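In the form predicted on its own, a lone chain appears below as structure tokens.
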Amino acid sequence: MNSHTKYLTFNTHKKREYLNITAEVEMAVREAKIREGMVLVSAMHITAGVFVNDNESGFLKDLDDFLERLAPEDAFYRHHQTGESNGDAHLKNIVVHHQVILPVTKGVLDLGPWQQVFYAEFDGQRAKRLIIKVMGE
């Protein structure tokens, strides 16, 4: 089995953003030169996430509204008693999750017709990393 690792760094302009990273994941798969396998895409921070869904602005706004209703930015969080102010971002990470595993078939990322890979930032405006690990033969 072969593997290939690629790191991406994000420093978003806003506190919450959803970035389509499908092209970067596809590039990592090409660089790995595998025919069959998997790719792990994982945010390396507890206030960011990775998900697969439709690249449609209405959906992304609905997702953002949904997450904000579940974990409002301005709510009281015990986490803030430690001096932090990002309790909502930690909870949003749990809902979205921090990683996905995707199939590689015949040398390409094997997504459904509308599926795209997104990096979800919930406490941005500072550097954060993401790992893409491609494994297969």
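Position 1 is the first residue in the sequence shown; the rest follow in order. Note that this is a predicted model, so its numbers are computed, not measured.
One more form of this protein should be noted, the form predicted together with another copy of the chain, which is absent from this view; the next part is about it.
Taking the partner from the other structure, another copy of the chain in the predicted bound form has no heavy atom within 4.5 Å of any heavy atom of L8. Taking the partner from the other structure, another copy of the chain in the predicted bound form has a heavy atom within 4.5 Å of a heavy atom of E56. Taking the partner from elsewhere, L63 is found to have a heavy atom lying within 4.5 Å of another copy of the chain in the predicted bound form. Contact annotation for A28: none of its heavy atoms lies within 4.5 Å of another copy of the chain in the predicted bound form. If you take 103 to 137 and check each residue for a heavy atom within 4.5 Å of another copy of the chain in the predicted bound form, you get P103, V104, T105, D110, L111, G112, P113, W114, Q115, I131, K133, M135, G136, E137, in sequence order.
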